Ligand SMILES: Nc1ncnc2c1ncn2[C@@H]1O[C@H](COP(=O)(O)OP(=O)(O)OP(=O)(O)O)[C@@H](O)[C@H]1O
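Only one chain is included here, represented as structure tokens and corresponding to the form predicted on its own.
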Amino acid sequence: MSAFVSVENLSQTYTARSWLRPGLAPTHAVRNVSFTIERNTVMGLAGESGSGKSTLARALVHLERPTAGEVRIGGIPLARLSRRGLRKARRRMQIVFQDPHGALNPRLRIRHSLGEALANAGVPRRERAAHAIQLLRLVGLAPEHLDRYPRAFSGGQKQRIVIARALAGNPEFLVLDEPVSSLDVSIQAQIINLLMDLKQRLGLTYLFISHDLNLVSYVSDTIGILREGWLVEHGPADEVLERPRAEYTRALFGASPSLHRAPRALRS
């Protein structure tokens, strides 16, 4: 296997500018983070609220330009790309956020939401309807759902549509930022199983971000632990779960007594 995603010394700092508080200190949301993700594997990223997980997600796919460091996707250094080159590179990587209700325009039918994504991916207009049907079927929905508005769907169905939209450009890498945290527990399992099935069928690579250590332990091949912007632990999932090196990691695991490790056969 080769490292498909490579992150080196990534930092994201925000500087507040205000004439009322001119000496306000900068906020270091992500601090000198480095890791790699092998092709067709899952890296789980866990940490407490405010640890920098979502900021790292946005910086990773350059929705926000990192303050420092380098991200390579498939060997391509994103920071060195032109705006046009970055738009093209984004077809290889997509991000799925936690709130499916806010991710879909309530005024657009699903046909148009998927059609916009397919247009951005360069799919000719005459082929978009057929592609949209394929995308819906891929996530377990039916063709008749194309002409409905988001209000007609449950939270789990909306997240399926959001995942379908993310797949419109045939990406190779998905950043899953708390993709099931807003869903009922019974629906969470269905979406997780869908994501793992898509990973195998389409050869996808994931960064799976969650505050739920049980979910992270279930889906991940490698695990990273983020604290106050620092990556305090990173390694193979079995090693991190069974022999965590950082005191912070041990404290997190100690606060999750139900933490378990799913057999690899269930995750493949």
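Please read all numbers here as calculations on a predicted model, not as lab measurements. Throughout, we count residues from 1 along the sequence that is shown.
Below: the form predicted in complex with this ligand, not depicted.
Checking 54 to 62, 195 to 203, 35 to 43, 216 to 224 against this ligand in the predicted bound form, the stretch whose residues place heavy atoms within 4.5 Å of it is 54 to 62. When contacts are judged by a 4.5 Å heavy atom cut-off, P236 does not count as touching this ligand in the predicted bound form. E172 falls outside the set of residues with a heavy atom inside 4.5 Å of this ligand in the predicted bound form.
In the predicted bound form, at least one heavy atom of A29 sits within 4.5 Å of this ligand. Among heavy atoms of E70, none comes within 4.5 Å of this ligand in the predicted bound form. Looking at 30 to 52, the residues that come within 4.5 Å of this ligand in the predicted bound form, counting any heavy atom, are E48, S49, G50, S51, G52.
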